[in-house]
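Okay, so here's just one chain, in structure tokens, the form predicted alone.
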Amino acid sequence: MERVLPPGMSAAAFDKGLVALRGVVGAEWVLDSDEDRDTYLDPYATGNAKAHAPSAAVAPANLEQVQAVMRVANAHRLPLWPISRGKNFGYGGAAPRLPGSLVLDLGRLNRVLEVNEKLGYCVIEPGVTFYDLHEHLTRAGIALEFGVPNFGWGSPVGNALDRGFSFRGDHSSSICGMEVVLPDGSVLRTGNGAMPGSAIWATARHGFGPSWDQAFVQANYGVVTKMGLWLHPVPEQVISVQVALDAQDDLGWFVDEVSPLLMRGVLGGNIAISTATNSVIDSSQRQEWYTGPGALPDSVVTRMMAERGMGWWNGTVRISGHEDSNQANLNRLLSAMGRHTRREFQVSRASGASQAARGPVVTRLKVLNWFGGRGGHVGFSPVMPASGAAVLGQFRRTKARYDEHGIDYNGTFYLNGRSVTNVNLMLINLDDADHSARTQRLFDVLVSDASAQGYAEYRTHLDYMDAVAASFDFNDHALRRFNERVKDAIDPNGILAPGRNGIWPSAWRNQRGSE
């Protein structure tokens, strides 16, 4: 792919900046060939991938090089887009919001710096993958684990910074202490890490004064080079309950029964309940089920249910801990569901160690083969109250929009007690321009529909960051104005991740709303 420069920057000025960067990291770690630039594109872009094309990438090896890169970027006004592993697929991958930005690839900062089994934490760098962390714990025989999302090749640091989650819950809530390079190249440590030689940096979240860890989550205020994360002791036993709900409306009572159990600690983490289609898209192709026009008809879903022995909604409720308490909590769960259905659910038991040993996977990427050609996916993920009526209303509105736009509906609701996150998967046929365009239009209307209900996404694709940020418009967008006042104060040249999650520095604010 030919080079796309930052808006308003000449090739001569840009090349001068690259020369300076080569002096910091070495020529081989300034990545500016056509192949390099292709590597950092959004692989699932529904529109023009060049709308978020990088100009190049730079890959520092350590903290000192990150600091030096920031200073060069300021001197040459080069916008940087930091990534940990760049595997945030469905949300833009490694591509920058502002076209022409340089990707600041932190993959070479890949050390597991500390693991404390007794106190249950690790300190790691952003280039560490879920696989790396799992292998480190396994090799050392440490009985701790961290929740893993569907794709294990990503970074726990990057995932936590974007509020990713797993069955263990919200990963940003596991953050305890960060080392951060600020836009001017200076370094700070948050929380108790601000005290040299702190013995509790990764065990006690709050130091003295304001707590800043969460201010660097989904923001563009600094580059995280180290992070403390709380890990989970491997449980004695795990009970898995395979839930299958026969009717669409069963989703309502399920939410109302399970959410109180989560709030009371009977169940833990996130509980996912998904459509029947979610169970077939990674093991079959669409043409095996339907070749007609428009979205999959309900009659096809009914056939999927019959042939695969599934419900309309399906999921696994995981109960973990000590064997005696697990059994009591299982009884509570089955009693709650038994008030609404006589269906028997499959229950299996395993040691926590055997469950933890499975480790990360990437097999879920098989969903990209749904259409049989070049596949992609994007997710629309609003959050709503943990109310059966609210969740059913969201499902019905969303499915109607999918049907209206001729897109196959596939939704998952993640229950965490007080709220529910609805991840709506849109599988894209990238070989079909009309299908891609309809997917874009569907996304636009879903953002509008959710906003009308007072719901917003917990994270979103690059294309929709400005739109979602704009929906937080209390008091004439007071929050966005505050975010950008902070941004301008600490990053006056606007070099760090312009436009990330709708936060635009003054130097690039005229790019708000651009493709």
Partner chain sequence: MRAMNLVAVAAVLMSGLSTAAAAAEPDGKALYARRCGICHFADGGGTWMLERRLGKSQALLESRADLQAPYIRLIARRGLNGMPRFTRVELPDSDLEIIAAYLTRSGPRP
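Residue numbers count along the first chain shown, from 1. Since the structure is predicted, the reported quantities are computational estimates derived from the model, not experimental observations.
We do not show the form predicted in complex with its partner chain, though everything after this point is about it.
Looking at 117 to 125, 283 to 291, 74 to 82, 245 to 253, which stretch has residues with any non-hydrogen atom within 4.5 Å of its partner chain in the predicted complex?
Flagged stretch: 283 to 291.
Non-hydrogen atoms within 4.5 angstroms of its partner chain in the predicted complex: do 168, 212 and 413 all have one?
Checking in the predicted complex: none of 168, 212 and 413 is within 4.5 Å of its partner chain.
Would you check, heavy atoms only and a 4.5 Å threshold, whether residue 488 touches its partner chain in the predicted complex?
Contact with its partner chain, no.
Does its partner chain get within 4.5 angstroms of any non-hydrogen atom of residue 363 in the predicted complex?
Yes, residue 363 sits close enough to its partner chain in the predicted complex that at least one of its heavy atoms falls within 4.5 Å.
Do residue 41 and its partner chain share at least one heavy atom pair within 4.5 Å in the predicted complex?
Within the cut-off, so yes.
Should residue 338 be counted as a contact of its partner chain in the predicted complex, where contact means heavy atoms within 4.5 Å?
Because no heavy atom of residue 338 falls inside 4.5 Å of its partner chain in the predicted complex, the answer is no.
Only one of 132, 162, 179, 408 comes within 4.5 Å of its partner chain in the predicted complex by heavy atoms, so just point that one out.
Only one option qualifies, and that one is 132.
Quick one: of 368, 423, 98, 301, which gets a non-hydrogen atom within 4.5 angstroms of its partner chain in the predicted complex?
Contact residue from the list: 368.
Can you name the residues of 85 to 99 that have a heavy atom within 4.5 Å of its partner chain in the predicted complex?
85, 87, 89, in sequence order.
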